[in-house]
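What follows is a pair of forms of the same protein chain, given separately as structure tokens and numbered structure 1 and structure 2.
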Structure 1
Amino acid sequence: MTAPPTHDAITAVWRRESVRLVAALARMTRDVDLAEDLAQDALVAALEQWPDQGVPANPGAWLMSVAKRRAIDQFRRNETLRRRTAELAHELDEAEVPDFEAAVDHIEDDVLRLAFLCCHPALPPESRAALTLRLVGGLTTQEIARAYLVKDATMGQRISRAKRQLADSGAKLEMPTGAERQRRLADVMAVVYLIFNEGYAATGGDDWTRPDLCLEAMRLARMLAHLVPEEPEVHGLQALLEIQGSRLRARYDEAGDPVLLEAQDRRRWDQLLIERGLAALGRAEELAQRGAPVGSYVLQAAIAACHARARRAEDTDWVEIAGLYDVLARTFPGPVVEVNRAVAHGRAFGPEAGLTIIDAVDSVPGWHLVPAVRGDLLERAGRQEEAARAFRDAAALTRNEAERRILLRRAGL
């Protein structure tokens, strides 16, 4: 007899299905808050029923069916919305729900519409990112707060305020076109990248990676590339995520411990994702040759491609990577670029070259990467005691337990 599903198993299903569920419900009800509430109701029903009944063969369809019924009940109870009951009941036909996977294209369109809605110009930039990470990325308020180094309550208020602003603006869940789509595109791409990064290197918790978020971000990037095929940055974003995502399996060893890039078994890299990423980069470069502007994603994808083409860590062309980071630093300056530029220069021209760069970086409060990279460069320079101190400083700042273990191990603790 099959063992009843655990709470963790149900949570895993929820992580996989929740974003598409909320997006579809938002389209149907025209109310983001209500869509979230209905999705949560469906999760509660799953937690109550699945331990006894087992996980359905099509859990996404089950959750959608429950949420639809709750939606109709909600509208019927609400006198002010009674006039919409007939319309909603027709749209949310209570008959047998069609196969959820068969409707994936329609549902994925909903997810992309939701991403563009969350990046509506009525919202300030920081609210756009936070709301999209919450609704499209499926991150919790606590996870988003960690990513932005703010208190949970502050982030919760920001997200709630963003929802109210959207409602007050009368924004609709529809795909913008023309100039309006172009204005929102950069914000959507930025948030897709943030979702991927949270999956690739989680800001908190016990797990170093969250592959489900990476997969969701890659799927959204592919959809964007299909939506705006003449935009090189979209292909650059897809290329960057595909190539970096190819390393996910190699980021852990057989014991489940994290493995840094240079120590990874490159035979475990996903060659299909690399091929797809290199093809997307090729499309971006072809568009650039026709005169289309190139941005940071194309440059970062070119850097990722340098790693992907190296069969062994020692074959990596660090001089080319350092040059690409120099271009990034001139055109898109910022502390993240400088930290990575320090690593590249340290590998290409020696640790002292990297230390010169990292020592000039203004430390962001609570950000562990500056002392972590400084520790790596000091270690390579043979300055072991200083390196150990830097690794200890970094370990005290990171909120990810797997990363803390690596840093403490490198500190000799």
Structure 2
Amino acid sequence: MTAPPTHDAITAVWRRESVRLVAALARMTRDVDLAEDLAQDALVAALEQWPDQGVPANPGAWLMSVAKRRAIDQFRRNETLRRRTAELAHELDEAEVPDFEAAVDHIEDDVLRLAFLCCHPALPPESRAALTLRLVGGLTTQEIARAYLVKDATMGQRISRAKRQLADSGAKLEMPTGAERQRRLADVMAVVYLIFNEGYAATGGDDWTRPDLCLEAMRLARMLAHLVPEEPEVHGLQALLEIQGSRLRARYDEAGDPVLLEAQDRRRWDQLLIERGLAALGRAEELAQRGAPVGSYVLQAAIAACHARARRAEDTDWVEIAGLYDVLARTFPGPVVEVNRAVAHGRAFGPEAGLTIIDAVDSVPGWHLVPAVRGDLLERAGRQEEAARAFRDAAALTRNEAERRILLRRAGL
């Protein structure tokens, strides 16, 4: 006799299905908010019934049929929605698929449409990220709030506001084509990257990283790579996140202080993720060879791969990296790229080469990385006093406590 499934077990089952439930229901009802409520209703029903009946053999189909029944009930009860019912009843009948798995192709399009909607240009970026984690990632509002170090209520409001903004802007679940599809796909990738970076280089608070956000972003990137397999940039994004994610454990020491890339204990890099990242990069490059255009994610992943392939820091192919940054700087110019290009040229051709690049970067107000990198290059050039001054400037600018400590230490304070 096996124990009845616990609340947590049922929630775990539901979570595995939630994105597909919400995505399919959103298509049927054309209402993301309602779709989410219906998926939640199905969870409540499961929590009521599964402890007695056990988990059904195909929980996805079970949850879906409960949610659809609720949808029909709701439409019948709710006067204001009745006008849409005639049209929707047809949709719901048509969608009455006995085997949930048989509708998988359909579902993948549904999930992609949902991702496009969550990352809609009508929303500010942080709302896109929250909504994507909620609806595509299947995280609870509490989990997202914890990840972003804000109160549950604050995150709840952000998500509700985002949904309202979507409704007000008339944003629709849609599958854009042509150039519009590329633009919207870029928006989705940017949101996944934003989520990863929020976890990877925690901009606020005492922690150097918030790994849960990184793991979620990696999961989203993998999903996206399966949804849009013909697009090199999507594989590039996955590769970039897998390789950067492989270093999560090595990025801070036991005291919780950050360890920069070259000083990291490479034995702590996650080889499994590196392999996956290199494989994803391989897929991107294969597509590129067949003529698909590559963008910044593929280039960044190629750079990350150079580091990942080097067994020891001194084995790093800095000339290759410097060349990749040159390409990146030509195609996607910007201060972040220039700063990294300065680092790479500094390693490949000596600190003076790096300083030439960093000195040409317009100072970005409030940004600590320019003085931090200048400090590093000056230190390597043996110009200690100037280096200390640069590190002090950088320490005054960073918002991350752990990073401030390391910068002050390098400043000799």
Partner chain sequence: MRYITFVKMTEDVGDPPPALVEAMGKEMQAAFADGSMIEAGGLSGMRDSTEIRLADATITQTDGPYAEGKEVAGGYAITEVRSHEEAVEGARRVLELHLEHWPGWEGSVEIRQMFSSQ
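Numbering for residues begins at 1 and runs along the sequence of structure 1. Computed from a predicted model, the values in this text were never measured in an experiment. For the two forms, the rigid core is made up of the largest set of C-alpha atoms that agree within 1.5 Å on superposition.
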query	finding
Structure number of the form predicted alone	1
Rigid core fit then G54 CA moved by 2 Å or more between structures 1 and 2	yes
Displaced residue check between structures 1 and 2: A394, CA, 2 Å or over, core reference	no
Degrees turned by the smaller rigid part between structures 1 and 2	37
Rigid-core-superposed Cα shift at G256 between structures 1 and 2, Å	2.6
Rigid-core-fitted C-alpha displacement of L139 between structures 1 and 2 (angstrom)	12.3
